[in-house]
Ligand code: S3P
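Quick heads-up: it's one chain on its own, the form predicted on its own, in structure tokens.
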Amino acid sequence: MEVDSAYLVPKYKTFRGEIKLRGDKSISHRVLIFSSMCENQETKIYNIGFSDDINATQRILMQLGVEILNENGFLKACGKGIYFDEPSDIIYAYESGTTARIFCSILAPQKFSSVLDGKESLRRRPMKRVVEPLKKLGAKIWGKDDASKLPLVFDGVSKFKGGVSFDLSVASAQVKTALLISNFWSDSPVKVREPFISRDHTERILPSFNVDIRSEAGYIYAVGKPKSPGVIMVPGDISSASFIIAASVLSHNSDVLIKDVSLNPTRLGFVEVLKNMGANLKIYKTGQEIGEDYGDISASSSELKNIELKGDIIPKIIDEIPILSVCAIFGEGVFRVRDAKELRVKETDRINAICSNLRSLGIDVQEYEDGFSFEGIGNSAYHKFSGDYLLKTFGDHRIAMSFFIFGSLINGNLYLDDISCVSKSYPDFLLDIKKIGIC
């Protein structure tokens, strides 16, 4: 890859102002899906988090016969109930792991056969973690490598047998969601328990759709069928906010206020970690929507001390580890991440991607099977990197945005081989950075 054909990251001296972000991606997936299951009922969804992943979910729902209209300022979903129309073609999830895993639970109990596929990056991601428990509920699923990878073939079984409790070996909000909603097609409870608490959007949102979430001996399960709450406002995406927060914390004389962003406790791990590293961050809770807290976050210039991350904090920051790694370059001391093997089965092997780029910058990094560690450079990092650097995004949106922030702050020139991949989760990334960035 030649520098001449790569993307040159623009420079910003500081970041200031207020900004409001598109709706949270995880919440947007779920409200679209649950709204489509509300039989003969319409739901208006404001501030949907449009991105490549959300578009994948919307296209599949429409392919299954759901009418979804983009009205003036909101999305209107006309629910069909829990049984959908038979599609005329393969169902394609593109690169969205959330879409693929949740739809495994939706396609398996339908009254028709179907095929679920995706792009090559999604074909590499593990599906066995959701396929195996669904098979125990009576699902008939076939696919590559014993149905552990896409494409998958579903022979609709109409009902799940239920009466089964699952202890997940990996804390996964996607698998948890798939098993919780499997209760819609079962006459007896399907219960699930995690080793650590993962994102709990499904548990918070479903009660607004008239579905109870019940707990029994550490297991949770869903009771009822979705009914429309009428109108939904999706809070801003906290994962997208992490890049804005990092830019403000790392740059000089910066002060940014992010408005109406999701403050879900299971998603604030990034803020918790940065505050523990010494970041100047403040949270202002202003309301709640469909069980989800939201409010404002202020971030300003800070000096960071690096820490070790492991254990039950990892599921809460799994998507933010790339940008935390960039923050750690400007921090003092050793930054260490362990218990994060899940990073190896994301859009790319993110442990390898982070370590590869750090090495390209001349940083000595120790790579482990479940993480990595390196010594932060501190305040001298801004001036240390004064040459020309070409980094790979590996086609991964979070790797691209993380090292964009790094490149915008250093004295040298940083080139990225691909910036277009940011559209997967945050298509407004470059525009939003420009809104608050001062050159």
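Residue numbers here begin at 1 and follow the sequence given. It should be emphasised that the depicted structure is a prediction, and the values quoted were computed from it without experimental measurement.
The form predicted together with the named molecule is left out here; the points below concern that form.
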Contact residue in the predicted complex, from I318, L137, L304, V326 (heavy atom within 4.5 Å of the named molecule): I318
Residue (of V256, L263, V273, A173) lying close to the named molecule in the predicted complex, criterion heavy atoms within 4.5 Å: A173
Contact of T43 with the named molecule in the predicted complex (heavy atom, 4.5 Å): no
Proximity of R359 to the named molecule in the predicted complex, heavy atoms at 4.5 Å: no
Contact flag, S35 vs the named molecule in the predicted complex, heavy atom cut 4.5 Å: no
Close approach of S402 to the named molecule in the predicted complex, 4.5 Å, heavy atom: no
The named molecule in the predicted complex: contacted by all of R129, K346 and R398, heavy atom 4.5 Å: yes
Residue stretch of 224-232, 286-294, 96-104, 144-152 approaching the named molecule in the predicted complex, non-hydrogen atom distance within 4.5 Å: 96-104
Residues of stretch 12-26 in contact with the named molecule in the predicted complex (4.5 Å, non-hydrogen atom): K25, S26
